[in-house]
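The form predicted alone is given below as one chain in structure tokens.
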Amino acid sequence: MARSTKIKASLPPGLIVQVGKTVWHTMWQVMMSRLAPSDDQGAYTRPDSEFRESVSQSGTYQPEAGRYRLIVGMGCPWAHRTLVARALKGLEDAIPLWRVSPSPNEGVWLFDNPGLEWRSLPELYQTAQAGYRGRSTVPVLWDTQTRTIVNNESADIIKILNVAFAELATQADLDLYPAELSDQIEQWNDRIYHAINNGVYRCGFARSQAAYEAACTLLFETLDDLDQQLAHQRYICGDCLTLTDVRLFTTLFRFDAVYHGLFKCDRQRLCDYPHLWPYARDLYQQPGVADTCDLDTVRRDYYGNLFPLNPGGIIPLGPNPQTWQQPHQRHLIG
């Protein structure tokens, strides 16, 4: 034991640091390749969703109260979109929830609901498609009648929730995708998805300095443009709340608590923007939306489960959640 201690003590500090860095960097690259696939330049590339069916009166999947389940993880921004759309349309009774939580040791989503036949989300995906080898992600719109996944793409599901269940919605008159704004909505959706929704991940999951700087620059250029866009109108597409606002909100809700620090999106905080910050609070204070927001779970899921980005596992306290309740005065704009 004494001889071993003497050998360790005689190692140069520089050698210890270099060996440690080499080992950790190699392990980090391996873990990141599984967590977040990248291109040759080290830029994160998000895989496409694989289940893309819809719900309609004339289709295989028809709108019925209680037939479907919306499967969500409360920390996931993509799943959060569907929760916000469900709340705004008043579909809570028609479409019940099944919740999942990420397992830090297994790397999969595990069901919170007791009594289900599946322990993990991959098991449910296997029920939907035997031999399935893709990613088992949330959100999921699950059909209990045919025991299959209707859709696992959040951009599709929020459109389905907006239209397909009109007869079951308590807010059926609220149209989050008005036809006259469809072109404008899609243009903003494409830009916001690439630069912001997925852009924060392209910052956090970048595996090269160049890839990170490109993603971070585009992210804040777009946030700056949106801040100016919102200087003279209440919502992104004018005076009408749309799915574009829903899609942007769930990223903004996580920005200061997670993306600013963990994902290195640190050029500016959301609360530093004179128009974006009140706009985000306006959305948070829409009927039912605050009930879909859980900052404690968001911080725990990101900081506690993304081991390559936070190997120490320490979860920060984060900004005061009560600031989301501050008056926004956005109703005076326009």
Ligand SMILES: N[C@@H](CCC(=O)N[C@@H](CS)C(=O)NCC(=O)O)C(=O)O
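This one's a predicted model, so the numbers in the text were calculated from it and none came from an experiment. Note that residue numbering follows the sequence shown and begins at 1.
Another form exists, predicted in complex with the ligand; not displayed. Remarks below refer to it.
- Per the 4.5 Å heavy atom criterion, the ligand in the predicted bound form is contacted by stretch 75-83, the sole one of 90-98, 75-83, 228-236, 158-166.
- Taking a 4.5 Å heavy atom cutoff to the ligand in the predicted bound form, the contact residue among 223, 203, 149, 138 is 138.
- Contact annotation: of the candidates 263, 253, 142, 109, the single residue with a non-hydrogen atom within 4.5 angstroms of the ligand in the predicted bound form is 109.
- In the predicted bound form, at least one heavy atom of residue 46 sits within 4.5 Å of the ligand.
- For residue 154, a non-hydrogen atom is located within 4.5 Å of the ligand in the predicted bound form, even though that partner is not displayed.
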